[in-house]
Structures are given as C-alpha cells and as structure tokens.
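Given as structure tokens, the chain that follows is alone and in the form predicted alone.
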C-alpha cells in the first residue's frame, strides 16, 4: 500500500477508516469519486491524499467505463516520477507560453474600425469646413471690392479657419490612434500565432513523451493485464476497459484511493492486495 495515513469516509453519521474500505451498495460510487477529488457534500465526504492526474482514468473502475489506454499508462508513469527526454523542453515551452499569455493580456486588440469611422467622419467635415473657409474668404474679398466694412467678414473667416484647424488636429489624432491600434493588433496577432506554434510544438513533445512512458511501462503493463482476475486479453492494448484500468491502477503510484465497482475480485481485501493501493469497494 502506498497510503501512509488511513482514509476516512463519512456517510451521514457513519464513519469508516482504513486503506481498504468496504462500503454498502447503496452508496453512489460516482459520488465517492467526486468526494475523493474534493467535491464533498453534507452527507458524504472522503478524507484522503490529493489524487494525481492518473486518478482521472482509474479513480472509478466500473463496468461500462471507457479509458484512453496510452494516456492513462503515461500518467501512471508520471505518478511514479518517470521522466522522458522531452520533459525539459516541455517545461521551457510551458514557461514561454505563460509569458506569452501575460503579454497577450497586456496587448489586447484595439477597436481599429472605430478609429476608421472617426477618420472618415472627420474627413467629411474637414471638406465641408474647407468649403466654408473658401466661401468666407470670397465674402471678405467681395466686401473689400465694394468698399463694405470687413470686420464681420474677417471674423467669419477667422472662425472658419479656426474650426478647420481644430478639425485637422482631430483628424490627425484619430489617424495616430488608428496607426497605434493597427500596430497593437499586429503585435497581438503575432503573439497569438507564436503561441499557436509553441502549443503545436508542445503537443508533439507530449506525444513523444507519452510514447516514451508507454514503452517504459509496456512489459509491466502486459504482466499486469495478464494477472487481472478473469482477463482473457491477447493484446494488452486491446483489453476491455475494466481490465485496462485495473492494470494501470496496479502499476501506478496512487496516493488517493480508487473506487471499485466491478466483480473481478472475491473480496475487498483481495482487491486491495492485488492492486497494492488504497481502495473504496462498493
């Protein structure tokens, strides 16, 4: 047994402790699995070690289950601290991806379309103001040509020129904001593309690592499948899911108990002895 501290199961007022605990069939085994993973309820709780990722595959072994054999086997290897040549690069990629995520959060995309609309509207108004400036200038010249007082015409021209200048400043500012938004968006796209490339590389390395771990455990897994009570598998990788899960659980280093709801063993004690790990037997 890998468990050093006894498991404690609380079902209402009932409390049971041990490394192999036989529970009544009225207990929901899926609820037991969830409680092992921290999803306790007022009526049901399981005090045990924190489950490792392999528990996702073999934490609840029952008829009708499914299992991804190689993924489960690789996680069994990780539970035993087995390593591969890909691990160092995977760790480096994880660090780089985390850093990229922080940059992406800081480099949120900008609403370039909004700035383009502002520039278009500003350009339209700027054209109208230029026409207004020319019209004011024409009125001023007409006043001069006819000897009419020019104060009002001069004031109108100055106001039109001032409004045009303000509009041109606003257009330049919107253009600058658009350029800045485009640059940020390019940077954002580049970071996302880089992250995708890193994710692809990481996925390939994970496949290589999984294959390596499966190779390291192949013989041990084959032997475990052969010794599962009632097993008739000729190819261990084509064994029924329950047989596969039991074999993986046997070779994994399970810190948290597995929930067994299958008829492969004569007794809970026999199941615990065969698995060599803590169990909750339903």
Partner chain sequence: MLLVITYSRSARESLRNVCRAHEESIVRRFGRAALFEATEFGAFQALRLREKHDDAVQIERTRPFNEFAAVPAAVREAATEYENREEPAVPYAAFASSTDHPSKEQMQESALEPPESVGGP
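Here the rigid core means the biggest group of C-alpha atoms that line up within 1.5 Å when the two forms are laid on top of each other. Positions refer to the first chain, counted from 1. All values derive from a computational prediction rather than experimental measurement.
Beyond the structure shown, there is the form predicted together with its partner chain, which is absent from this document and is the topic of what follows.
Q. Contact between residue 199 and its partner chain in the predicted complex at 4.5 Å, heavy atoms?
A. Residue 199 belongs to the contact set for its partner chain.
Q) Going by a heavy atom distance of 4.5 Å, is residue 203 a contact of its partner chain in the predicted complex? A) Result yes; residue 203 sits at the interface with its partner chain in the predicted complex.
Q.
Considering non-hydrogen atoms and a 4.5 Å limit, does its partner chain approach residue 182 in the predicted complex?
A. Taking the distances in the predicted complex, the answer for residue 182 is yes, it comes within 4.5 Å of its partner chain.
Q: Indicate whether residue 144 is a 4.5 Å heavy atom neighbour of its partner chain in the predicted complex.
A: No.
Q: Check each of 137, 125, 80, 192 and return the one that places a heavy atom within 4.5 angstroms of its partner chain in the predicted complex.
A: Partner contact (heavy atom, 4.5 Å) among the options: 192.
Q. Its partner chain isn't shown here, but in the predicted complex, which of 127-135, 184-192, 160-168, 147-155 has heavy atoms within 4.5 Å of it?
A. The contacting stretch is 184-192.
Q. Which residues within 227-248 place at least one heavy atom within 4.5 Å of its partner chain in the predicted complex?
A. Heavy-atom contacts to its partner chain in the predicted complex: nothing from 227-248.
Q: Take the rigid core as the frame of reference and indicate whether the C-alpha of residue 123 shifts by 2 Å or more between this form and the one not shown.
A: Yes, because once the rigid core is superposed, the C-alpha of residue 123 moves 2 Å or more between this form and the one not shown.
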